[in-house]
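One chain follows as structure tokens, the form predicted on its own.
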Amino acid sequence: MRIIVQKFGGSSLSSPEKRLQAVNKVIAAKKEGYSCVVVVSAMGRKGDPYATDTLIDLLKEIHPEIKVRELDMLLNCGEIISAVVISQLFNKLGHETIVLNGAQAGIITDNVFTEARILQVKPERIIKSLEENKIVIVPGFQGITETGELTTLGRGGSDTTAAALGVALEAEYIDIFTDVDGIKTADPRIVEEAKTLDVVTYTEICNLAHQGAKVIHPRAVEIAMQKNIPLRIRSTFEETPGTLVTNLGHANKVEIPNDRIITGITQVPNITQLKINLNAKENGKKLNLKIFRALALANISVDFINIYPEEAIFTVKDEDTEKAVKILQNMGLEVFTTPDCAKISVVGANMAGVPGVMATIVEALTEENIEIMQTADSHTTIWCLVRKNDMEKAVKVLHKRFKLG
């Protein structure tokens, strides 16, 4: 049995016309001989009747404090409505379907409401339904604990559902359908000449997703990578192949050109740089531990960390700045803040060991008088912290310098 998992996001299901286009994608796959598992998000975006954010606002209008267990019960509804509507459309077109909610599909999670993680998938009922030649429709974003509590998987949860089912079913492909035609070399709203990438590695797409590209959730990529299940990022509304996400040499011997050093440029705005003068009277290692432990206990994520004997420098999200500063000042520390910064990420699987990549970045930004406030790097990514006012210029300059268009 050749299985394909196809996930459709809310923007692909927001109108009758779009839903028909989505359904036709599934029918086309079925005609190619695939057994189809369809994962759907809630229909539309904030303001649409059944969208996730609309359901949350419904409760907030009554009272701003929401019990997370009951919230997850409500949030399960948006995807279920979407799944049943899509099922009805298939039925109208003469295709037999079955809707299985997260629990019925065998998606077992931990008990962290609104941010649950999948522990295991028991796909027996899905397989039985596929053997009966049914199209299986699964509401994304949801699961059930071992004690029977309904849960949701957090933002990007439908991508995670699709990836987990793809791995459990050993699918031939996991298709992520959205309103764009694939992964771009940069944000097309910033770089008009950004092009669609034909093939990227799991590592590259994880880095692009973590650093600002929002086409797919990085957790979904990490799950698919466990069994090398190829992902395809495709448009619901166009007949294009999209972007294939795979390992080098995997998926029908697809190979990523070795001469492509840089794959894409991404950006994350609205972050603040914090500089802390370390107290020389206290052991520096112990003080650093106290700083980051205190911020972690306050659920504040830190990034761009540079530690020196007399100074610690790192970044937080703008909305966490005030809280972080208060915590640090209560520890008797002197804190200097630079708000309205942005992180620029230069991503490429082949940059490791290639001399001159950092030199090119520094040269390109310096020529445009863009201040580099901090840098960091890994085998596949180089990050630069710049002023938010310079963010779009930096993305354009680097995209052009590395000839990605």
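So that there is no doubt, residue numbering starts at 1 and follows the sequence shown. Not measured: the values here are computed from a predicted model.
Form predicted in complex with aspartic acid (ASP): not shown, discussed below.
- Residue-level contacts in the predicted complex: of Lys122, Arg117, Arg155, Lys323, one residue has a heavy atom within 4.5 Å of aspartic acid (ASP), and it is Arg155.
- Stretch 37 to 45 is the answer when you ask which of 375 to 383, 37 to 45, 362 to 370, 342 to 350 has residues with heavy atoms within 4.5 Å of aspartic acid (ASP) in the predicted complex.
- In the predicted complex, just one residue of 134 to 151 lies within 4.5 Å of aspartic acid (ASP) by at least one heavy atom: Phe141.
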